[in-house]
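Let's start with one chain on its own, the form predicted alone, as structure tokens.
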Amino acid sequence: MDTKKIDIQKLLAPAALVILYIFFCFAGKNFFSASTLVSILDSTYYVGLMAFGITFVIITSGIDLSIGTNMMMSALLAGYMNAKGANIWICLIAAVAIATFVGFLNGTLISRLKLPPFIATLGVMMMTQGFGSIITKVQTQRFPGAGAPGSEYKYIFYKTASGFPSGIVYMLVFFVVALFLLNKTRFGRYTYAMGSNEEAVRLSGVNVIQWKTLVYTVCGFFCGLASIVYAATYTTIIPGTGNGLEMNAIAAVVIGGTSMAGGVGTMSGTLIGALLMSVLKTGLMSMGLQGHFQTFFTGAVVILAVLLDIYRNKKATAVK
């Protein structure tokens, strides 16, 4: 009986994605088209990569509010390095390294210094938002546009010269990496275990400090990957931005079925959640609704997803 219930719950996000897509095909203007599908994929890349990273964190019952500003700061500093003459590929590697270090910083503050995740990552969110502006002197940074010298990265991380959305291949490759880490490694097993009962994991002899730090470091790494996609997609990086982008990734994770209470979640659910967010955003635009409508409906969907999670947890407790 319980297994059937769990299977049904796993099907809710995919079913919602299909239903929402069909709805906008009828309600939206020119929604059912190849160009709209490409647009949906384009808006999924960086949100999806951030969501993959924070899935690990949320499964441990933690949170990382800095992923949006971390991503933007990393892209901003990489753009600054490129403007100073550094090779574009060195700049992109630096973006991943910077974001990974910020993740390590979060993990250290939370696991070693015992700061609550909300407070630690809120502080780091503000620090990263300000640091990029300090280094660049609040100057907008621009990556090479299509056709410019050094713009080859766009063909790998965004679109090929023929218009093929190559970013989806990049995102799916790292989806497989995240899936492998979560389901097939000791790191993934400990991630689930810490979210279910951290004290029991500690008493069993596992170095919780080390593994929790690694969880946040991995989250930072995926933010770095997202910064590359963001730079390839938008080219222009504005200082002081990124605040609020983390909510899109967190929403995707929650919608995908990962429990905020920890110990439950799947990477495939997160991918579906990210796609659902993009379909919702693109579909509302096709209906002529502006950004504030998108924000409102996204918030409503997140609340419904959390209520469903609470209901599931209550049912599981009642069975026990």
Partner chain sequence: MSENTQSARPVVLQMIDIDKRFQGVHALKKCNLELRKGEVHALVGENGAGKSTLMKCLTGIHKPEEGRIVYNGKEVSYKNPKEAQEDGISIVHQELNLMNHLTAAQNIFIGRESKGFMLNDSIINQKTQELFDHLKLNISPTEKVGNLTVGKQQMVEISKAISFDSSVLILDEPTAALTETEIRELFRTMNDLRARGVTMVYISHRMDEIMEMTDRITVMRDGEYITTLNTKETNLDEIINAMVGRTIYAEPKTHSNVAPDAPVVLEAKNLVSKDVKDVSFQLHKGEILGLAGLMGAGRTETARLIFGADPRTSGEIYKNGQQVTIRTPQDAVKAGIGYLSEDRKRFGLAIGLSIADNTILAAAEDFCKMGVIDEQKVRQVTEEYIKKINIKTPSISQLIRNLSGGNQQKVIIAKWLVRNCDVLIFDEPTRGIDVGAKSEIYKLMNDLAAEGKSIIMISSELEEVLRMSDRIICMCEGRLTKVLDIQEASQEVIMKYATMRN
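Computed from a predicted structure; not experimentally measured. Positions refer to the first chain, counted from 1.
There is another form of this protein, the form predicted together with its partner chain, and it is not shown here; the text below is about that form.
Residue-level contacts in the predicted bound form: of 200, 176, 247, 93, one residue has a heavy atom within 4.5 Å of its partner chain, and it is 200. Think of it this way: in the predicted bound form, its partner chain has a heavy atom of just one of 151, 236, 160, 196 within 4.5 Å, and the residue is 196. Of the candidate stretches 129 to 137, 114 to 122, 184 to 192, 164 to 172, only 184 to 192 has residues with heavy atoms within 4.5 Å of its partner chain in the predicted bound form. Residue 180 belongs to the set of residues with a heavy atom inside 4.5 Å of its partner chain in the predicted bound form. With a 4.5 Å cutoff on heavy atoms, residue 207 counts as touching its partner chain in the predicted bound form. Taking non-hydrogen atoms only, residue 263 approaches its partner chain to within 4.5 angstroms in the predicted bound form. Along 100 to 129, a non-hydrogen atom within 4.5 Å of its partner chain in the predicted bound form is carried by no residue at all.
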